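Single chain ahead, by itself, as structure tokens, in the form predicted on its own.
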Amino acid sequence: MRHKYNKRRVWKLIIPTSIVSLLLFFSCVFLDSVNYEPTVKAGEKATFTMKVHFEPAKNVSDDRLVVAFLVPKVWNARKNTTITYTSTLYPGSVRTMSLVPTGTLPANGGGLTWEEALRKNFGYGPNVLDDMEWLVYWSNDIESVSIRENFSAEIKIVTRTSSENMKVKLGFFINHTVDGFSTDDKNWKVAYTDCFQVVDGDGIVMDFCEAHFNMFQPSNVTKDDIATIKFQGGIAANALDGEDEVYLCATAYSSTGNAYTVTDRSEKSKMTKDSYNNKTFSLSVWLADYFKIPDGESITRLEYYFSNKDGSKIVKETGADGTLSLFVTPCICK
């Protein structure tokens, strides 16, 4: 069951932390609210406070609470996140969670790890870029409990953002090990935030929230990486509608200030049409080889646009005031 909250400063997910005993014996989990500041400065910590409640319905033993959240890979959240909680079951006690050990399989995950099962079932949520990862935590407490009265909990997730400007929709998931990602969503919930912003950082805004004509992946590359550039013509009406051939016209700028340009609209720069969407074209290239970047130089950014075969029709970035500019992708290695 997916939940979405539209209240001010309230997100749509619940990420109960290591309240192991809480999940051990409940049949219904409720995501009441998620409070947060909608904007954070790059490199600083962001805090998400979930208020949840549970309605226990049966006895369960040897259980752990499981919480996962979806974040941009560039945040390196695996090393920069803590999750704690308090609950009415343990007044005055702050409890913790830790990352689920690599390779751990949920009981009903079909042989997949927790992260693989989340990826299979939820992908990267409502985001338009897939350069994201699900991180999975479980409670450090293991308990056996009997049916009790309903109780509530407040879970706090603190994570440090990266240095990049971005807009992104974070995802949260809650479950427990006895259930192990079953088909019964009474025992698990998933939800996503509205567009969360990281500001005052490096480079242009990495926008995970809204689709654009251009897509560049992965978001963090060096010249020695293979990158995929896409033209997503189905986003809106554009000059290349109806064209069977689309070409990438691009310039790579290096750390020494040199520019390396490929704009000849040859077989080298011809993009491949997506077999599922005839308005989407892509080109995957080894950046160093494609732009002939010499040893000793690194790529700092790419500037590009899309063109038809003879160059008479092009698609560039359209600003809010209608002005056209090149698409720009910073190349940052993290």
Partner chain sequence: MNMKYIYILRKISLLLMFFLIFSACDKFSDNAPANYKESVKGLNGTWKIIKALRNGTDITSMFDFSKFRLNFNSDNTYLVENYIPFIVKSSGTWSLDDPRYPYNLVFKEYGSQEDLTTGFSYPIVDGKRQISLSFSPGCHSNIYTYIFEEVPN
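Please read all numbers here as calculations on a predicted model, not as lab measurements. Numbering follows the first chain given and starts at 1.
The next section is about a form of this same protein that is not shown, the form predicted in complex with the partner chain.
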- Message: Considering non-hydrogen atoms and a 4.5 Å limit, does the partner chain approach K156 in the model of the complex?
- Response: no
- Query: Applying a 4.5 Å heavy atom distance criterion, does D244 contact the partner chain in the model of the complex?
  - Reply: no
- Task: Would you check, heavy atoms only and a 4.5 Å threshold, whether D130 touches the partner chain in the model of the complex?
- Result: yes
- Task: Answer yes if any heavy atom of I226 is within 4.5 Å of a heavy atom of the partner chain in the model of the complex; otherwise answer no.
- Result: yes
- Item | Stretch in contact, per heavy atom within 4.5 angstroms of the partner chain in the model of the complex, of 246-254, 88-96, 183-191, 215-223 | 215-223
- Please pick, from T47, N278, S284, S61, the one residue with any non-hydrogen atom lying within 4.5 angstroms of the partner chain in the model of the complex. S284
- Name the residue from Y124, Y260, Y137, F196 that puts a heavy atom within 4.5 Å of the partner chain in the model of the complex. Y124
- in the model of the complex, residues of 71-90 near the partner chain [heavy atom within 4.5 Å]: K73
